[in-house]
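Single chain ahead, by itself, as structure tokens, in the form predicted alone.
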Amino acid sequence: MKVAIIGGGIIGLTSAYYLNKAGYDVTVLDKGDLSDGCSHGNAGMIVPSHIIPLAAPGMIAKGIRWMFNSTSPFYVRPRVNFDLLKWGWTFYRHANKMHVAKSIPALKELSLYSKACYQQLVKDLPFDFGYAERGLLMLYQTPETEHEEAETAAIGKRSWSKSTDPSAEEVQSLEPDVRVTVRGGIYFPGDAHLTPQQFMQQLIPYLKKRGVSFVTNSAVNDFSMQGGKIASVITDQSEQTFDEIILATGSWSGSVAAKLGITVPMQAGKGYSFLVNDVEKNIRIPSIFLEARVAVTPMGKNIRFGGTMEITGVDHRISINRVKGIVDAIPKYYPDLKVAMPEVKNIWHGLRPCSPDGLPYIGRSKKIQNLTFATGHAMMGLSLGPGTGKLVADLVTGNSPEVQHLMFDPERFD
């Protein structure tokens, strides 16, 4: 069978990996050249500890407060846009305890499954991608954040995730090479990290050697339909026929799905990162600055800082003030790390695909027989990547999925 995977990010490539292993003839179509995107410049964190969806109690109030600060970690650009208004209303309706309680089991299962897939990939792939299991430190500096994070950790403990709450002194003992200035933290020993650009840059040639075809710089313009199936994919280069179609188009999934008459609410959440090379004394454990919402990940001798969530549509402009917010936060937590404001050319940005209920869209379409969705993972794309790819392969091959996916129904808003 011939399978087309539309989208060459971590979700598309891991789907290609598992489908190729299952003996399928796989072609990856992408509108870019696969040299960049959310899967390359993210924080590289694999976080089974993160099982609360973005749509959660308190996020609306926080977002409103942050909107009026140009260096804050969150921003929604005010604009008259029906899709944004509908997305915002749906987000509001899902930001409640009942939705969180229903979502946690599904996110937990997929997250743990995906980490297990990474552990297997370390054994099976013939290249190193910096995978390490050192956990994650959630660092806080205020009593308010301490209380809030303790509640979040308690939810995790009730569900599954193991965590400890080290004091400031205990946090420092976990980071002997770098001075840490915090009130305390939450430590999740079960989390991991990798170097995402290293993983992506080696996975693509590996898949090519295994026979996966790549058609790059090729935007999907339309589809032809026949008998309730997609008969062909029409790009700006050609028209090709496939037996199965996987839609893994990230922030563009809403507009691509619309060509098929399916509603998939999606907003692009822009994030920024930059890499500091050859750090003399690096941190050992990835961390998140809770007040600033900044992610920090050691990658060999380098260190990556990233953060912000800008709901601004498909927009590639760089907000220097948002990056400044990341840079200004660093000495507050790691005072000995002297990090200068990066040049614009060295600032990476990516558009995270955000669904209004904070859950990905994964599953076969009920309307179109040969269509499967794998998109909408927001900040969790890398973390949930291989698990999603394996789930997609099981759905296409007809094998019984090893994780439940009903909460991720891609047509739940249609």
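Residue numbers here begin at 1 and follow the sequence given. The structure displayed is predicted, hence computed values, not measured ones.
Absent from the display: the form predicted together with a small molecule. The rest refers to it.
None of the heavy atoms of Tyr334 is located within 4.5 Å of the small molecule in the model of the complex. Using a 4.5 angstroms limit between non-hydrogen atoms, Gly271 touches the small molecule in the model of the complex. Although the partner is absent here, Ala95 is not a contact residue: none of its heavy atoms lies within 4.5 angstroms of the small molecule in the model of the complex. Put simply, Ala116 is far from the small molecule in the model of the complex: not one heavy atom of it is within 4.5 Å. In the model of the complex, every residue of the candidate spot (Ile6, Gly9 and Ala219) has a heavy atom lying within 4.5 Å of the small molecule.
Residue in contact with the small molecule in the model of the complex (any heavy atom within 4.5 Å), chosen from Ile283, Val256, Val212, Leu137: Val256. This chain is displayed without the small molecule, yet in the model of the complex the stretch 247 to 255 from 142 to 150, 74 to 82, 168 to 176, 247 to 255 comes within 4.5 Å of it by heavy atoms.
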